[in-house]
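Have a look below at one chain only, the form predicted alone, in C-alpha cells format.
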Amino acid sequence: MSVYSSLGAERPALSVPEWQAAAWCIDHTLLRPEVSRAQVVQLCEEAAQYGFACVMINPTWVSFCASRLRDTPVKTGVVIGFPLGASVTTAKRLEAEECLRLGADELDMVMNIGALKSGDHALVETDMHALAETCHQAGAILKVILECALLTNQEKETACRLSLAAGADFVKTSTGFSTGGATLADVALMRRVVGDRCRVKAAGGVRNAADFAAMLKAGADRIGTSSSVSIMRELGATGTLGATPSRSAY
C-alpha cells in the first residue's frame, strides 16, 4: 500500500523507502504504568532501528532514553500533567523544566480539560503558554493534548484556537487513557482550525497501516502509537536505515 499516495507535497522530500518516510511521522509510545526498564530498552532499540521521530515515555525514563538515543536522530518525548491535565500550572511547569534538564526534546502536555469545559479560557491559555515558553526557551517543542473524546466539537475548536494563541507547536487528539482515542473526524476538524499555523498529532487506537494512512490523509503530521513496529512490518520495513533526517528535521 502507498501511505502517502493522496498526500502529495506532504510526503518527506527524501528519496527513501516508503516505510522509512512513514517512520519519521511516528512517536513510538510506551506509557503504561507497569513498564519495565527492559521494555524501555527495547523501545529505544526499535526507535533507532526503524528511525521513528521520537520515543514517548513517562518522566521517570527521560534521562535513561536521552542517554541511549544520544547518537541517533531519534528524539526523546515525554508526557506532562499526564493523563488528566488537572495539575496546577506551576506543577506542570516544574515537571517540564526537570524533564528538559534531563534531556527531553518534545513535551506532550495534557490541557486543563475541566477549565475548558468551565469556560475558563484564560486559565487554559495561561497553562499552555507557560509550557510553550518553557519549551521554546530550551529549544524543545510543545504538543497540547486536547482529549477530544471528552469535548464537544465547539470545545475542540476553542481548544485549538487557545493552543495557537499560547504558542503550541502541535495539537494532539488524545492521551489514549480516556474514553476514546483518535478519530478521523477529530483530526480533520483540528487541521481545519489550525491550518498551517501548527501541526496535528493523532494518538490513541492507531494500530495498523490502514489506520495510519487514514490519519495522515485526514491531516495528521505525527502519529503516536505503541503499534509502531507492526505498522512498519505491514509497510514492508527492512529495519535497515538509509538516509536519515537530522534531529531537528521533524
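Numbers follow the displayed sequence, beginning with 1. Quick caveat: nothing in here was measured; it's all calculated off a predicted structure.
Keep in mind that the form predicted together with a further copy of the same chain is not shown, yet the notes after this line are about it.
Visitor: Let me know the one among 120, 157, 169, 133 whose heavy atoms come within 4.5 Å of a further copy of the same chain in the predicted complex, would you?
Guide: None of the other options qualify; the answer is 120.
Visitor: Of these, 66-74, 193-201, 51-59, 210-218, which stretch puts a heavy atom within 4.5 angstroms of a further copy of the same chain in the predicted complex?
Guide: Single hit among the candidates: 51-59.
Visitor: Applying a 4.5 Å heavy atom distance criterion, does residue 140 contact a further copy of the same chain in the predicted complex?
Guide: Output for residue 140 is no: heavy atoms all beyond 4.5 Å of a further copy of the same chain.
Visitor: Taking a further copy of the same chain as it sits in the predicted complex, is residue 44 near enough to touch it, meaning that at least one heavy atom pair lies within 4.5 angstroms?
Guide: Close contact is absent here: in the predicted complex, residue 44 is far from a further copy of the same chain, nothing within 4.5 Å, heavy atoms only.
Visitor: Although the partner isn't part of this model, could you tell me whether residue 87 comes within 4.5 Å of a further copy of the same chain in the predicted complex, counting any heavy atom of the residue?
Guide: It does: once a further copy of the same chain is placed as it appears in the predicted complex, residue 87 has a heavy atom within 4.5 Å of it.
Visitor: Within a 4.5 Å heavy atom cut-off, is residue 164 in contact with a further copy of the same chain in the predicted complex?
Guide: Although a further copy of the same chain is absent here, residue 164 would stay clear of it in the predicted complex, with no heavy atoms inside 4.5 Å.
Visitor: Can you name the residues of 130-166 that have a heavy atom within 4.5 Å of a further copy of the same chain in the predicted complex?
Guide: Heavy-atom contacts within 4.5 Å come from 150 alone.
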